[in-house]
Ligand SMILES: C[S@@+](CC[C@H](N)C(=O)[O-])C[C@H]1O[C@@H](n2cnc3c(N)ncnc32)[C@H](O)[C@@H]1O
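Take a look at this one chain, the form predicted alone, written out in structure tokens.
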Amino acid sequence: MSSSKFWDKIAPGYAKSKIKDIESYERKLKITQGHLTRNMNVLEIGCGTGMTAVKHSPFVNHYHATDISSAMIEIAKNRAKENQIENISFEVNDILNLSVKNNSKDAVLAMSVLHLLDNVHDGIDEIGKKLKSGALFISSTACLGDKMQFLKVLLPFMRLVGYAPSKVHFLKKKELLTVIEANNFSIIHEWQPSQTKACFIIARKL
């Protein structure tokens, strides 16, 4: 099953699921919003059902939310409409084929998506291209290579029954930081609640 079809399939259930660590989620929202300004144009890749996009949109000029799943985007559109958010646009596409012009964004968000890209280095490189000089790259990434190696055994079986996407990288935090810095970014904030939880990073394009 392709990644887009997998996310299309689980979209309805995903939209109804509750955030497992709401305290960490809200902390990330607050920190991110502390870096956003009303004149910023923001891009989010892997926006899913648009929950985070809707929460951040009121703090910026324009928010462009993207995802490879058309089903996720439809839910996100409805969520934005229900919340009367008018400064948001949506696009069904992957990071390498977006309609977004290079050097046009003041911030790019990638929440819970980097470890699912076909190629992490290429994805971060493309994110850098979309950003203006000095702009922000904000991400939250599951570093499965540090404490979740056992999932490598389970994933093939999970894919067989439709409970896992086709691509999952077992990144380690050190590796993730290295890749981000290697793509012309300076890390200005890093936080990880525990080794089994996502690593939240804010980096600035040099």
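Just so it is clear, the model here is predicted, and its values are computed rather than measured. Numbers follow the displayed sequence, beginning with 1.
There is also a form predicted together with the named molecule; it is not shown, and the following applies to it.
Quiz prompt | Segment assignment from 141-149, 177-185, 26-34, 39-47: heavy atom within 4.5 Å of the named molecule in the predicted bound form | solution = Among the listed stretches, the partner-contacting one is 39-47.
Exercise. Would you kindly say which of N87, N103, S112, N83 lies with a heavy atom within 4.5 Å of the named molecule in the predicted bound form?
Key: Only one option qualifies, and that one is S112.
Exercise. Give a yes or no for A135: in the predicted bound form, does one of its heavy atoms lie within 4.5 Å of a heavy atom belonging to the named molecule?
Key: Answer no; every heavy atom of A135 is more than 4.5 Å from the named molecule in the predicted bound form.
Quiz item: Would I95 show up as a contact with the named molecule in the predicted bound form if we use heavy atoms at 4.5 Å?
Solution: Because a heavy atom of I95 falls inside 4.5 Å of the named molecule in the predicted bound form, the answer is yes.
Quiz item: Is there a heavy atom of I68 no more than 4.5 Å from a heavy atom of the named molecule in the predicted bound form?
Solution: Yes, I68 sits close enough to the named molecule in the predicted bound form that at least one of its heavy atoms falls within 4.5 Å.
Exercise. Check whether A76 has any heavy atom within 4.5 Å of a heavy atom of the named molecule in the predicted bound form, and answer yes or no.
Key: No.
Practice problem: Determine the residues of 13-38 with a heavy atom within 4.5 Å of the named molecule in the predicted bound form and present them in sequence order; the list may be empty. | Solution: The stretch touches the partner through Y14 alone.
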